[in-house]
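Just the one chain here, the form predicted alone, laid out as structure tokens.
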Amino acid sequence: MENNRPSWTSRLTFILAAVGSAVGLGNIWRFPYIMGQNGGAVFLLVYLLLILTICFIPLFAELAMGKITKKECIGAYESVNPKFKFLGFLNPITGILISSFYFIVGGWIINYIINSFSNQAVSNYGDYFSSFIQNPLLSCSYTILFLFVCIFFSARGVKKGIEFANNVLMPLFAVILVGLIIFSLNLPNAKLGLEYMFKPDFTKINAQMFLAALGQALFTLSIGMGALLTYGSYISDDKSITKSTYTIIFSDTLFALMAGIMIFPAIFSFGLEPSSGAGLVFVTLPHIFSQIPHGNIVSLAFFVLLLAAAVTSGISIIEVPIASIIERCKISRTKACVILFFIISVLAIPAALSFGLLSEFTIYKKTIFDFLDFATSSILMPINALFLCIITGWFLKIRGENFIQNKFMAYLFNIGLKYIVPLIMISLLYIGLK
């Protein structure tokens, strides 16, 4: 164990950071449109099923691996067995690739906040959004600005940077979200949105939907990108991670449901389409805000909420490669942050340009942005979660009876970690990619 290893000030600060990692754009931006594209309520049921039965296991295993090894991802896998060192590299690589498209969305949010402040009149948000993301100077500039914000907090370290950001932004996030839910539920025909969320149509179940639900569950819980492993390595030996695991899952699921309750009643109240894709919160919702009294204030509140969620998650994503660079290269956190800033910039700029100048350039028939999204959430994160379960279950030998008092539940955890979850990951990857 390294004596200079940073650690959390308290269990509460760790919980806020872990929840901040889990509760981000995955809940507010990605969850509603993925749910809208995959059948609404029936997708929600599958998603909740995977969260509660499958994702708990790799989430706990990732935190436990970090706490036990007290190392960043590469060092953690290497400490189990030097032959596994290459598996550790997949986590920071995944984090960098996620940042390369995720931070673009963060830039979009900043633009909309500025627009809300200026009270600029927009007649057609579809045209406005398309014009903005196709503008190379604006889209790249705001992407770099968002990246700088996240890097700034990370450069300040665990206590002064990561803890401070989460301690301020997560309570702000919760307050604004509750306010927007109250507003949305009081719109005309809000019940239609609730019916869409909670009245399932089982004819829409298919294998592709299961893969989408698994990818969303892993993405929103930050499983398979190394963030929880890295955060777990900052937990002191006397702190339990069992309750923390339950708290993270409960909080993440609650916020995802709250995001849906905030968004879908508003969409149905104005007779709009819930399956409008990644532009849902940038086209559909601003259109709604523009039609209500004091809509610019509601719009500002919503995008500040979105920015708070994006920053807390963004910090956790880049902490993975930052920790690896620090410990692999033996350099300061500031230097590691500078290096990562340039790496992500080089990758993010082409992805930002994939909506305009590079829109014709495709990888497996996908734009650069869409390919990065698919490759990370549907391939790399499930693969990382698969390896995580195998390594922790068979080699690190984490056992349920060491933290679960109920013998039967401990037995199910052991079976799930070593057999069930890996088989499910392999099956869903095969079905979804064939």
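When you see a residue number, it is the position in the sequence shown, counting from 1. Remember, predicted model here, so these are calculated numbers, not experimental data.
We do not show the form predicted together with a small molecule, though everything after this point is about it.
Peer 1: Thinking of L50, P382 and M425 as the candidate spot, does the small molecule come within 4.5 Å of a heavy atom on all of them in the predicted complex?
Peer 2: Zero of three within 4.5 Å in the predicted complex.
Peer 1: At the 4.5 Å heavy atom threshold, is S354 in contact with the small molecule in the predicted complex?
Peer 2: Contact with the small molecule, no.
Peer 1: Would A227 count as a contact of the small molecule in the predicted complex, using a 4.5 angstroms cut-off between non-hydrogen atoms?
Peer 2: A227: contacts the small molecule in the predicted complex.
Peer 1: Tell me, yes or no, whether S316 is in contact with the small molecule in the predicted complex, where a contact means a heavy atom of each within 4.5 Å.
Peer 2: Taking the distances in the predicted complex, the answer for S316 is yes, it comes within 4.5 Å of the small molecule.
Peer 1: Test of understanding: in the predicted complex, would G26 fall inside 4.5 Å of the small molecule by heavy atoms?
Peer 2: Yes - in the predicted complex, heavy atoms of G26 and the small molecule come within 4.5 Å of each other.
Peer 1: Could you tell me which one of I104, I98, I325, L214 places a heavy atom within 4.5 Å of the small molecule in the predicted complex?
Peer 2: None of the other options qualify; the answer is I98.
Peer 1: I need to confirm a contact call. Of F264, Y142, F219, Y234, which residue comes within 4.5 Å of the small molecule in the predicted complex, counting heavy atoms only?
Peer 2: Going through each option in turn, the one that passes is F219.
Peer 1: Residues in which of 106-114, 335-343, 130-138, 316-324 have heavy atoms within 4.5 Å of the small molecule in the predicted complex?
Peer 2: Of the stretches listed, the one contacting the partner is 316-324.
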